[in-house]
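Below you'll find only one chain, the form predicted on its own, shown as structure tokens.
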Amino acid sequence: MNQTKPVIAILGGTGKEGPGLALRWANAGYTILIGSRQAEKAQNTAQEINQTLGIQTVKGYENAEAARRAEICVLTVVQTAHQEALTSLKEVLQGKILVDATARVDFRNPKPPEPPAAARIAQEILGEGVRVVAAFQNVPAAALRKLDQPVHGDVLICADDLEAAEAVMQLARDGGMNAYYAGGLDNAIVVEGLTALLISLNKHYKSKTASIHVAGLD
């Protein structure tokens, strides 16, 4: 395993967002573990990424095993599986950073979700032994897969633990994205709501890559 960069598990990593994040981080030299409820499905996704990049460092496991082997875990499950996934993985996530990329927004009828934020719910379920960070809710999945192009959008990162937030900001930068610390976990409800706006923009303008940019900061 890579001795200079943390091992990353992407839990629920066979959907839309997870494979794109995995592709970018594997390309940046990280050891990536794809997690799924079905190990075979995770292994197939891992193999596709390996073939794309010409590497063999991406592995596929059942979610709990992927989490156990990693230092930083990124949760990219669909919103309906959010709480169930957290509950089932609570024990194995202790002592780790969990990046929660959940945006509880229905594509068919996009509206901002009610508080608390998904990441706050995650923190309450997992307890103080897990450092939860909210990030990547607004990153277009289609843009992540285009390695020959920069991701035109900024990542807003919310966490109560600044050190954990900084670790995730480094992940974003290594994946070719700008990242900004946007306050504590409760602020993540606003970031989730931005997803509803971006979906609405994409629908109206027939796009897939609407994104958020931060201006006015050095």
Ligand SMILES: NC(=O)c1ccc[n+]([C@@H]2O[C@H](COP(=O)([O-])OP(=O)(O)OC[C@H]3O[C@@H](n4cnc5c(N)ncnc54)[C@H](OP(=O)(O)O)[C@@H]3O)[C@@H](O)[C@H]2O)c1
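Nothing here was measured: the structure is a model prediction, and the numbers come from that model. Residue numbers run from 1 along the displayed sequence.
Absent from the display: the form predicted together with the ligand. The rest refers to it.
Taking the partner from elsewhere, Thr76 is found to have a heavy atom lying within 4.5 Å of the ligand in the predicted bound form. At the 4.5 Å threshold, heavy atoms of Thr31 stay clear of the ligand in the predicted bound form, well away from it. A residue is said to contact a partner when one of its heavy atoms sits within 4.5 Å of a partner heavy atom; Arg37 meets this definition for the ligand in the predicted bound form.
Among heavy atoms of Glu84, some come within 4.5 Å of the ligand in the predicted bound form. Using a 4.5 Å heavy atom cutoff, none of Gln123, Cys158 and Asp186 lies near the ligand in the predicted bound form. Of all the residues from 99 to 113, those having a non-hydrogen atom no more than 4.5 Å from the ligand in the predicted bound form are Ala101, Thr102, Ala103.
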